[in-house]
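The chain below stands alone, shown as structure tokens; this is the form predicted on its own.
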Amino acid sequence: MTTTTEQTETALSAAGLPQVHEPRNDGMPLDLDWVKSVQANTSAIERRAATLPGRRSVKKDYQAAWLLKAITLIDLTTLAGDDTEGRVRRLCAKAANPVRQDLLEAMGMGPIHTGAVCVYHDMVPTAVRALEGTGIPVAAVSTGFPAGLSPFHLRVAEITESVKAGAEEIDIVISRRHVLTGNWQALYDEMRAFRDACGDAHVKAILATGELGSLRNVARASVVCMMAGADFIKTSTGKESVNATLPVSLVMIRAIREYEERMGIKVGYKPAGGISKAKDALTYLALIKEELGDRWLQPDLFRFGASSLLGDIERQLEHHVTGHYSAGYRHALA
């Protein structure tokens, strides 16, 4: 990532400016020849991914600018069994005001907000009410999240109910068995049904990449979900033993790039699970910029699925302004 004034200004064009929205991905008929032609050179992918953290760094004002940009790309998430309405309301308040006002003023920044708030279906009405007037969408995890093993008609109904409750984005989980058995038609049909049930709500397809067995399976599943109309492809539920990684991200990003080259449609990308440090966010932003370009550094095409990432970013921003690291509890999320 080159540290230039122009790129800093690009990073600082975070929230507050009108966002361009790409046409939705309507999908296409399943092309099995394309799917079966997709391969993944694991050793080459891992070598490329290993170079990123060590040689992609930004410092001082440039780092602060990119961290502010990262905040606007976060799906601020709570997916705990003990979620309460109070916790969700506090999380929504944090999403609308993610950085302390004094820190923003010291950096010459106006108000910013996160990309979305992500919750379970039961908490969608609470989040919608709490975010009214902010312009922040509510995303709901659906289709038997996280395993995706509930009866099919219930998974479709869950999407419908979340949309009816006000969710503008739906994060669905695919059936991993379709990928593991190479049943691409079944995966396509399932994803298409989920896409249709979403109506006007954008759909993010969670691949649960840590359970797909190989990078080739990840690449093929990515292509099939995009063919079926996924607006985003997402790495993980955050509940698997292995979640977002740089090799998996590289595979999925390149699938997105090929889809755009062939179909002329830009599909979004969401790494989720295990991204909790500001330095990790910078690495992912560098990867996106290099592989897909600046257009993907906007919330309609890139999101972080995270709960604790925001706290570490705010801590780093306080260090940038004051020269001192604060205790983590000074930047509580909820």
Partner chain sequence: MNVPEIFESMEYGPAPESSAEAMAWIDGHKGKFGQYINGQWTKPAKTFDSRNPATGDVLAKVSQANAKDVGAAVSAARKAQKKWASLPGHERAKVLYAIARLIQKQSRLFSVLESLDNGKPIRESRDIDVPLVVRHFYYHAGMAQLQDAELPDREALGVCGQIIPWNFPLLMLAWKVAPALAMGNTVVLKPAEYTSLTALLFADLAREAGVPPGVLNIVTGDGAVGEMLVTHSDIDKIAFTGSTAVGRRIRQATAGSGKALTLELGGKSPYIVFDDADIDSAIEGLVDAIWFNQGQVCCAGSRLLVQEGIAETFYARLRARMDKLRLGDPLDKCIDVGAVVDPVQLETITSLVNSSGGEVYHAATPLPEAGCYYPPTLITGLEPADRLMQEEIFGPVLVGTTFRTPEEAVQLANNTRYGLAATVWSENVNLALDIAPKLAAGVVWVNATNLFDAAAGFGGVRESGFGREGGWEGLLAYTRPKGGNAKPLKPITANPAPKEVATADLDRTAKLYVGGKQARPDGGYSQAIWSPKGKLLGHAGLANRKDVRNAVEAAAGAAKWSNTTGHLRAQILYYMGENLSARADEFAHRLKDMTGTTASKVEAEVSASIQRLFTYAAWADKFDGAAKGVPLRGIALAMNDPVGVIGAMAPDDAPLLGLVSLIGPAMAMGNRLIVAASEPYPLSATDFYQVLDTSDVPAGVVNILTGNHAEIAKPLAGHLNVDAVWSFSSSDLSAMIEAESAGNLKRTWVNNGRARDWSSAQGEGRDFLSAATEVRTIWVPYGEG
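Residue numbers count along the first chain shown, from 1. In this text, all values refer to a predicted model and were calculated from it rather than measured experimentally.
One more form of this protein, predicted together with its partner chain, exists but is not displayed; see below.
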remark   = Testing 213-221, 180-188, 116-124, 193-201 against its partner chain in the model of the complex with a 4.5 Å heavy atom criterion leaves exactly one stretch, namely 213-221
query = With the partner left out of view, is K277 within 4.5 angstroms of its partner chain in the model of the complex by any non-hydrogen atom?
reply = no
ask   = Is W66 close to its partner chain in the model of the complex, meaning a heavy atom pair under 4.5 Å apart or at it?
value = yes
key: its partner chain contact in the model of the complex: E291, any heavy atom under 4.5 Å   = yes
query = Does any heavy atom of D83 come within 4.5 Å of a heavy atom of its partner chain in the model of the complex?
reply = no
message = Which residue, L301, L285, L309, A272, is the contact with its partner chain in the model of the complex, using a 4.5 Å heavy atom cutoff?
response = L285
note = Contact with its partner chain in the model of the complex, heavy atom within 4.5 Å, among V156, L246, A96, M109 goes to M109
ask   = Heavy atom within 4.5 Å of its partner chain in the model of the complex: which residues of 250-268 qualify?
value = R254, R257, E258, E261
